[in-house]
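First, one chain by itself: the form predicted on its own, in structure tokens.
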């Protein structure tokens, strides 16, 4: 059933676990799908020795894509008209991510949403906004 303005109010929210225990394999699979083989995402030795990070970490766009999955599950396929984020912290192998959309406005058949994704320690990793067409 499509999201409708008559069933929404400002302040409503929807949360969803978008990944549990993110694996290095999932990160490498995303590298293959996106064509982004930056070694900080795929090469443990490079990342720890040359770049100085504790481990490889997920692509920002992987985290955005997982957040987008929550949005389309909430508002429906083909309804998003805007979606943008800032990457606020890194996402590491083993992280579990929960994405949340909160209604900030409803006007002329469009719902505005505040979007945030946090890890298992409640540390925000993505912050952004989205808009979607909704039924009356």
Partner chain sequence: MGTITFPVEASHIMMFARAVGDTNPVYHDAQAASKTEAGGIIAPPTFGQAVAQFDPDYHLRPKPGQAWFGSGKTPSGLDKAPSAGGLHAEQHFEYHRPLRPGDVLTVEMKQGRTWEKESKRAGKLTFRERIAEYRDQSGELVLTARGVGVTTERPVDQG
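Numbering follows the first chain given and starts at 1. Source: prediction; values computed, not measured.
Same protein, other form: the form predicted together with the partner chain, not shown, and the subject of what follows.
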Does the partner chain come within 4.5 Å of any heavy atom of residue 107 in the predicted bound form? no
Residue 40: touches the partner chain in the predicted bound form, heavy atom cutoff 4.5 angstroms: yes
Verify the contact flag for residue 97: yes if a non-hydrogen atom of it lies within 4.5 Å of a non-hydrogen atom of the partner chain in the predicted bound form, no if not. no
Decide whether residue 103 counts as a contact residue for the partner chain in the predicted bound form under a heavy atom distance cut-off of 4.5 Å. no
The partner chain is absent from this chain, but in the predicted bound form, do 26, 66 and 85 each have a non-hydrogen atom within 4.5 Å of it? yes
Give, in sequence order, every residue of 20 to 59 that has a heavy atom within 4.5 Å of the partner chain in the predicted bound form, or say none if there are no such residues. 26, 29, 30, 32, 33, 34, 35, 36, 37, 38, 39, 40, 43, 45, 46, 49, 50, 51, 52, 53, 54, 57
